[in-house]
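So this first bit is one chain, no partners, the form predicted on its own, shown in C-alpha cells.
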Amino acid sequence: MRNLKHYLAIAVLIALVSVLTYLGMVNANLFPVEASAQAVDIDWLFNLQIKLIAFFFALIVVPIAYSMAVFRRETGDTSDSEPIESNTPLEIAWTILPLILVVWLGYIGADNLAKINAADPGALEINVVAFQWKWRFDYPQGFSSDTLYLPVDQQVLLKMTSPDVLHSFWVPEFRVKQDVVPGRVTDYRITPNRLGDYKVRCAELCGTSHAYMEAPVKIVSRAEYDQWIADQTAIAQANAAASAANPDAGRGQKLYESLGCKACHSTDGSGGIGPTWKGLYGSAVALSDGTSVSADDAYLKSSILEPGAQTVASYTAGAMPASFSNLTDGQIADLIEFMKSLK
C-alpha cells in the first residue's frame, strides 16, 4: 500500500510536469506564422514531437527528483541498501515499447513527407537561380525578377539551380527547406496560403556575404498576381524592343549584376568559374577541342544561348546553366554591348 502511494504520487507528478513543460514550450513562440499548406502538416508533426519530449522529460526527471527528496538517506544511516536484481519484464518492456514508438514515428513521418511532396498537375512553375550572393526568379512569361511573387492558394514548383556553390532556399514561414546544388536542378513544392510579405534566405554557408543573401517574397491574390505578370511582361517586351533597336552598355551592366553573370565572370581580368569579360570582345578564344574562334557578336550570343556547344580551353564543360537560354535578343545585345565596353 505504501509503495502504491509512491507510484500514484510519481504518476501524478509526471502528468503535471508533462503538461507544464508542453505548455511552456508551445507558448515560447518558437515558430513564425504558418504561410503555406505544407507548414500545417509540418507543425502538426513537430507539435506531436514536443508532446513526446515533454512526457519523456517528465518520465526521467520526476522519478529522480522524487527519489532524491523522499528516499534520501537519513542522517547517520550508514547501512547498505537492499541489492536489486535484474527485472526481466521491465527490460523487455523498455526494449519493445521504444521500438514500437520509433517505428510508429517513422511511419507518420514518411506519411507526412508524402503529403508535403504531393504534386499538383496545375502547379505554377518558376525557375530559381541562386548565386553568390543573390536570388533570381525566372518566370515562364520570359522575364526575370529579384522578388518572388506568388499567388495565394496555388501550388508552385520551383526548379532551382546554382552556377557556383551550394546554397539553400529557406522561407521560415513556409517551413520547407531545399538545397540548391551546382550542376543539378532540385525541385521545391510549396502552396502559399497566407497573404503577406516574407523573405527567402540562404540557409547554407556559401561565402563571405552569405548573411546578406536574401530576397523579398510576396504572396498576393490571384488578381494582383495576374496584373503583376501582365505589367512585368509588358515592361520586358518594351525593354527588349528598345535593346534590339539600340543596345546599351548601362542596361547590360545591370543585367550582368541582376542575372548573376558576375558570380562566374569577372570584369577586371581576374580568374573565375568562367572566362573574364575584360578584353573578351574581339579576342581570339581557344576552345577545348584545340580550335579557336573570334569572340564576336555571333559567338557571344551562341555562348549564352547554348553554353555547352563550345567550351573554352581550361574551363569545365557544363558549368554555365542553361537557364540563360530564355534571354531575349535585346537583353543579349545589351550584355554584348557591356562586354564591348570592357576593353
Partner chain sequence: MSRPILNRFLLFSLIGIALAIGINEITFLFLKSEAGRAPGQVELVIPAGTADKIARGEAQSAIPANMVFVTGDVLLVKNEDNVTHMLGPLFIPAGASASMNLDNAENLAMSCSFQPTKYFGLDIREPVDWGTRLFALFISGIPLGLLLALYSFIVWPVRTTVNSNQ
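Note that the structure is a prediction, hence the values are computed from the model and not measured. Numbering follows the first chain given and starts at 1.
Below, we refer to the form predicted in complex with its partner chain, which is not included among the displayed structures.
Asker: Wondering, does Ile235 line up within 4.5 Å of its partner chain in the predicted complex on heavy atoms?
Answerer: Residue-level check for Ile235: no, no contact with its partner chain.
Asker: Any chance Lys254 has a heavy atom within 4.5 Å of its partner chain in the predicted complex?
Answerer: Judged by the heavy-atom cut-off of 4.5 Å, Lys254 is well away from its partner chain in the predicted complex.
Asker: Just checking whether Ser270 would be counted as a contact of its partner chain in the predicted complex - the rule being heavy atoms within 4.5 angstroms.
Answerer: Output for Ser270 is no: heavy atoms all beyond 4.5 Å of its partner chain.
Asker: Can you work out whether Ala223 and its partner chain are in contact in the predicted complex, taking contact to mean some heavy atom pair no more than 4.5 Å apart?
Answerer: Contact check for Ala223: no, nothing within 4.5 Å of its partner chain in the predicted complex.
Asker: Which one of Asp248, Asp187, Asp153, Asp146 is close to its partner chain in the predicted complex, taking close to mean a heavy atom within 4.5 Å?
Answerer: Among Asp248, Asp187, Asp153, Asp146, a heavy atom within 4.5 Å of its partner chain in the predicted complex occurs only for Asp187.
Asker: Kindly confirm or deny that Leu23, Glu34 and Lys51 each have some heavy atom within 4.5 angstroms of its partner chain in the predicted complex.
Answerer: Negative, none of the three is within 4.5 Å.
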